[in-house]
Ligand SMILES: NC(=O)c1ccc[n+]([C@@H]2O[C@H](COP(=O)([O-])OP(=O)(O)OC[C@H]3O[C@@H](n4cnc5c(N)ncnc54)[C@H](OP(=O)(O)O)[C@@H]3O)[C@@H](O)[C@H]2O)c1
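One chain follows as structure tokens, the form predicted on its own.
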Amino acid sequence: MTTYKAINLIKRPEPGPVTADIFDVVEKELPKAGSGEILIKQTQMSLDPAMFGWMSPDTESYIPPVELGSVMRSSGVGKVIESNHPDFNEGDRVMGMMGWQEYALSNGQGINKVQADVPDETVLSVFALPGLTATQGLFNVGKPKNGETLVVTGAAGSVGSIVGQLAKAEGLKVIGVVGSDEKANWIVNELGFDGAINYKTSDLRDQLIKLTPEGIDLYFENTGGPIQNLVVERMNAHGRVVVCGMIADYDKEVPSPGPSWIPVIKKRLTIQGFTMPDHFEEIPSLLSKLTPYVMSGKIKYRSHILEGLESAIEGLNLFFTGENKGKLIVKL
């Protein structure tokens, strides 16, 4: 019987960097697809900041935590190698939640066929969680309007970079917050952002004032950190804040204090958190919205490829160091 590798979560992470002892690398026997099931050979696997929440013991989050002793949760892309499901055929390329494993047995729930003729890297970098999250958050939560000013944090990341490019395509002025001068140059010179702020510099308020002379209408929050308070201070009346991620606090035992509610009242701001699991049934419509932008060349991306299943363990810490350049992907 052929075997394959999988990685189980066996302990909850402590505050700070992810350590290998919370995972267990196991060998499993390759299963057969039963009635109504498909067997998928995963080719590339996505690493996402949301994983830190999935590993935590928090039972009041938007999605139940990964059960200890079970395969770590993740999305991926792969090929159907065996099918007893009416909606899938052998050879279909698919994407969806597959977990940290080389093969995935599924009943088809949460699995979608890849329609676009693009590389696996593009699927995970654009059409999977990053692009879906960006599309849902910007259009359905943020409701952008031509001529408005958008500030997006984590702007060189997989979600933030797509948010900024979609907003530019819709006629907004876009300012990105990043963690290095190299990333600032990339989003401005390659992606077409109107400006960039390196949050590791000391004059954040002055930079923000200079780059947003007419204030800020829309704030897409992926990271948290000191820039958050400054952005909220510069929001215009009836501005919208889309809260998508808070990577600056995921490894802290006590989260940092958030912005004052006084400007929220004075400026009648709308603040909404959102997560993609609430919108999985909307994936076909989100892909229909996103695909024309991608196929017309309005969305660029870069990916950071790690080799081999076990590289995912240490790869998670790249989110904290900021050393990754682009969408984090594990090639299997």
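Position 1 is the first residue in the sequence shown; the rest follow in order. Since the structure is predicted, the reported quantities are computational estimates derived from the model, not experimental observations.
There is also a form predicted in complex with the ligand; it is not shown, and the following applies to it.
Under a 4.5 angstroms non-hydrogen atom cutoff, the ligand in the predicted complex has residue 179 among its neighbouring residues. In the predicted complex, none of the heavy atoms of residue 74 sits within 4.5 Å of a heavy atom of the ligand. For residue 50, a non-hydrogen atom is located within 4.5 Å of the ligand in the predicted complex, even though that partner is not displayed. Taking the partner from elsewhere, residue 133 is found to have a heavy atom lying within 4.5 Å of the ligand in the predicted complex. Note on the interface: of 219 to 227, 116 to 124, 100 to 108, 186 to 194, the segment with non-hydrogen atoms within 4.5 angstroms of the ligand in the predicted complex is 219 to 227. Residue in contact with the ligand in the predicted complex (any heavy atom within 4.5 Å), chosen from 142, 78, 164, 154: 154. Residue in contact with the ligand in the predicted complex (any heavy atom within 4.5 Å), chosen from 211, 247, 204, 169: 247.
Of all the residues from 296 to 332, those having a non-hydrogen atom no more than 4.5 Å from the ligand in the predicted complex are 319, 320, 322, 324, 326.
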